[in-house]
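Let's start with one chain on its own, the form predicted alone, as structure tokens.
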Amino acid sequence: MLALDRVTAVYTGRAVLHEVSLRVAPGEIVAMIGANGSGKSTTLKVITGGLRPVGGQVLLDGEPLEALAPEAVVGRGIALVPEGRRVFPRLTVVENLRIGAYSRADRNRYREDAARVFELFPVLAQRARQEAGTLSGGEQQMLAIGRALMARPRWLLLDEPSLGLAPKVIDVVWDAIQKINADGLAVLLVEQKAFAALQLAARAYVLENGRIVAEGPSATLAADPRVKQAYLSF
């Protein structure tokens, strides 16, 4: 179980998370929705060690994570696909994937895992020797997800995976998320497209100004008049 227990975080001298509690069970897809600046990306930074909380705990299977460095968090089975892709533009697709496996002891299984990435995203197999900076935005997003999968995580954190993508590419990304979840990978999805996120996830949390203001099954939240008016009316 991945869990936040009453986490409070401060950034540039200002409290940005206020006693946030959430959980993601093994094999589950959970969404976080909310307006820009509500604290969604900050929550992911706290989980992955990019920002240390000033209160509360981040727990993985009951063990605290908040004192660990980001690379140690990856080693515990948590991988992040950051907003904006952030691929290594001068490295090839294959080289980017190899970097994703850097923390693993069994790097000899690289080919097996790369084959799974290419199965999820066939266009990357066609671009295997191409520099990542020459890929389209959608292809870079696929590569960013594939690179994270190379760490063989148990929990995958996705920060705005549909941002700036064409509808057809978004469909490919959603399909890939469903497939990797069917393989047993838990997913914590931060997404501006709230309606799509609620369709994809079993449960969801709504953040406003660094606080969780609603949580529950996605179908329940999608039917909530307050959630519909604030996040599903566009």
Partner chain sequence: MTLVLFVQHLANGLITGGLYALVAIGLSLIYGVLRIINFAHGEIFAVGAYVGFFLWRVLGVPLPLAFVGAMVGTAAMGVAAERLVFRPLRFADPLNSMISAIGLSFLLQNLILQVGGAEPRRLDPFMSGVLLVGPIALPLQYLFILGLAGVLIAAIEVYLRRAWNGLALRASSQDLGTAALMGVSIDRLARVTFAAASALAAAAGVLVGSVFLLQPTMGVSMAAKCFVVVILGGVGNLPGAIVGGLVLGVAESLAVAYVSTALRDVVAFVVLIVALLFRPQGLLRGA
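Residue numbers count along the first chain shown, from 1. What you see is a predicted model; the values in this text were computed from it and never measured.
In what follows, reference is made to the form predicted in complex with the partner chain, a form of this protein that is not presented.
The listed set 37, 64, 26, 70 contains one residue whose heavy atoms approach the partner chain in the predicted complex to within 4.5 Å, identified as 70. Looking at residue 147, you'd find a heavy atom of it within 4.5 angstroms of the partner chain in the predicted complex.
Not displayed here, the partner chain is kept clear of residue 118 by more than 4.5 Å at the level of heavy atoms in the predicted complex.
Using a 4.5 angstroms limit between non-hydrogen atoms, residue 101 touches the partner chain in the predicted complex. Not displayed here, the partner chain is approached by residue 91 to within 4.5 Å at the level of heavy atoms in the predicted complex. Of the candidate stretches 118 to 126, 79 to 87, 160 to 168, 134 to 142, only 79 to 87 has residues whose heavy atoms lie within 4.5 Å of the partner chain in the predicted complex. The candidate spot formed by 176, 192 and 231 lies out of contact with the partner chain in the predicted complex, as no residue has a heavy atom within 4.5 Å of it. Contacts of stretch 159 to 182 with the partner chain in the predicted complex, defined by any heavy atom lying within 4.5 Å, are made by none of its residues.
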